[in-house]
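The chain below stands alone and is given in structure tokens; this is the form predicted on its own.
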Amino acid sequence: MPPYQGGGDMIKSVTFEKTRYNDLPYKFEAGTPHIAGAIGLAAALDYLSRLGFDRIGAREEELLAYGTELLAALPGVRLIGTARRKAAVLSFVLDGIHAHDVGTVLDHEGVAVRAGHHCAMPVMERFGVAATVRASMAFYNTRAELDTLARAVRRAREMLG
């Protein structure tokens, strides 16, 4: 299979008559490696290691519990994916309102979410869900941000319901 792009390290030798491509995998790694990305990844991993993965996990579990409690108390909200042990992700639908519409209102309220089928169409079809709104949390999020999410969902219900 010929390479699809050219650049450094993908060529073994070049003459006016012939080009010999490098051995795999170098044949397909044209150009300068993404050195800045590797340095950034190393710094990020150092940072996370210093924080401690157990502490990060505990913080995300706490945020998930708080966010679940907030959203579950809202009228018309149905949480999707309520396993006991799961990632810090809140997926939900708002009865009678399409997830994309909810996502648009939340965006205007300053809340960043994803709305759609999240590359999970077969499971969504299996459970009869066209799309969900998904709020993903990480250790750096706050309870105040989850309060803002809940207020924005209430606002979406008022506007669209």
Partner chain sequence: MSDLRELYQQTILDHHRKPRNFRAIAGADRTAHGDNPLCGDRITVYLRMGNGVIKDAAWEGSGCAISRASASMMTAGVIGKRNAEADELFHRVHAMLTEESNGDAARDVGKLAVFAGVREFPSRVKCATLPWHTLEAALHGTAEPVTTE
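Residue numbers count along the first chain shown, from 1. Only a predicted model underlies this, so the values are computations on that prediction, with no experimental measurement involved.
This next part talks about the form predicted together with its partner chain, which is not shown.
By the 4.5 Å heavy atom rule, the three marked residues Arg78, Arg134 and Ala150 all fail to count as contacting its partner chain in the predicted bound form. A residue is said to contact a partner when one of its heavy atoms sits within 4.5 Å of a partner heavy atom; Val105 meets this definition for its partner chain in the predicted bound form. By the criterion of a heavy atom within 4.5 Å, Asp101 is counted among the residues contacting its partner chain in the predicted bound form. At the 4.5 Å threshold, heavy atoms of Met121 reach its partner chain in the predicted bound form. Contact between Gly161 and its partner chain in the predicted bound form is found at the 4.5 Å heavy atom cutoff. Screening 65-73, 38-46, 92-100, 52-60 for residues having heavy atoms within 4.5 Å of its partner chain in the predicted bound form returns a single hit, 92-100.
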